[in-house]
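Read the single chain below, which is given as structure tokens and is the form predicted on its own.
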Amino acid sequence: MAQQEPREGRLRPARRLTLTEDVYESIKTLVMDHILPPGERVNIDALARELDVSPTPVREALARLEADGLVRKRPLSGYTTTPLLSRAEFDDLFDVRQLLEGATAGRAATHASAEARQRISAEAAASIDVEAGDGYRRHAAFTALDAKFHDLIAEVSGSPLLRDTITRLHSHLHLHRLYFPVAGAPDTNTEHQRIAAAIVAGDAAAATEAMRAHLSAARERHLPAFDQLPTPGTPRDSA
């Protein structure tokens, strides 16, 4: 039997994908921990040197972070990190989320299939915990599970436009995660379970009300974070 040639062509892309993902996660952490401060220009060459890579994976990572809403690209001036929300913008964000996500939960209760209802119930049953440590990594698991639950409801609501809009709204909140209190995780779990129970029961009015109550409570939990925010141009550790 002839010996097969090594399939090197299939291995190289895997290494390339690993490098790209590593660079993306590294820069995302810098942004989320405000080591790259909100509202400041991103120096691609300096980042490439710091990460010991070429500028290409840095540009690829920044393109993904732009889609995440964590950086912005402007013609001729390159990338800047997304500024933090003001208190007024934060209030507006939650007002819009209550309108859209309340409606989405109601639609999910009406339109979700039996399989989708089971997925929502299982997702709500997954405990959202906050890991030990400091910075963005402490909130990463919380953020991922919370976003997954809300996205799943938007997905099964049957409206791609609503889902896309809600995803974009969530991106504006990510940069504030560093300052959010961690004590509210158990309350978030309980609120998610109430939303899921209403959707599983097919009760659109109850699902809408449970989602709006959850977002109202989340807003109150997050408001104290604004007392910790640094003023623009102020280093985080002197805030």
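One-based numbering along the sequence shown. Here the structure is a predicted model, which is why all the values come from computation and not from measurement.
There is another form of the same protein, the form predicted together with a further copy of the same chain; it is not shown, and what comes next is about it.
- Only one of 187, 203, 68, 209 lies close to a further copy of the same chain in the model of the complex, with a heavy atom inside 4.5 Å, and it is 68.
- Between a further copy of the same chain and the residues 99, 144, 114, 122, the one pair within 4.5 Å by heavy atoms in the model of the complex involves 99.
- Of the candidate stretches 58-66, 26-34, 193-201, 45-53, only 58-66 contains residues with a heavy atom within 4.5 Å of a further copy of the same chain in the model of the complex.
- In the model of the complex, a further copy of the same chain sits within 4.5 Å of a heavy atom of residue 93.
- Interface residue remark: residue 168 is counted as part of the site for a further copy of the same chain in the model of the complex, having a heavy atom within 4.5 Å.
- Put simply, residue 73 is close to a further copy of the same chain in the model of the complex: some heavy atom of it is within 4.5 Å.
- Contact check for residue 79: a heavy atom falls within 4.5 Å of a further copy of the same chain in the model of the complex.
- Contacts with a further copy of the same chain in the model of the complex, taken as any heavy atom within 4.5 Å, map within 145-171 to 159, 160, 161, 162, 165, 168, 169.
- Relative to this conformation, a decrease of 3 Å or more in the Cα-Cα distance between residue 166 and residue 28 is found in the model of the complex.
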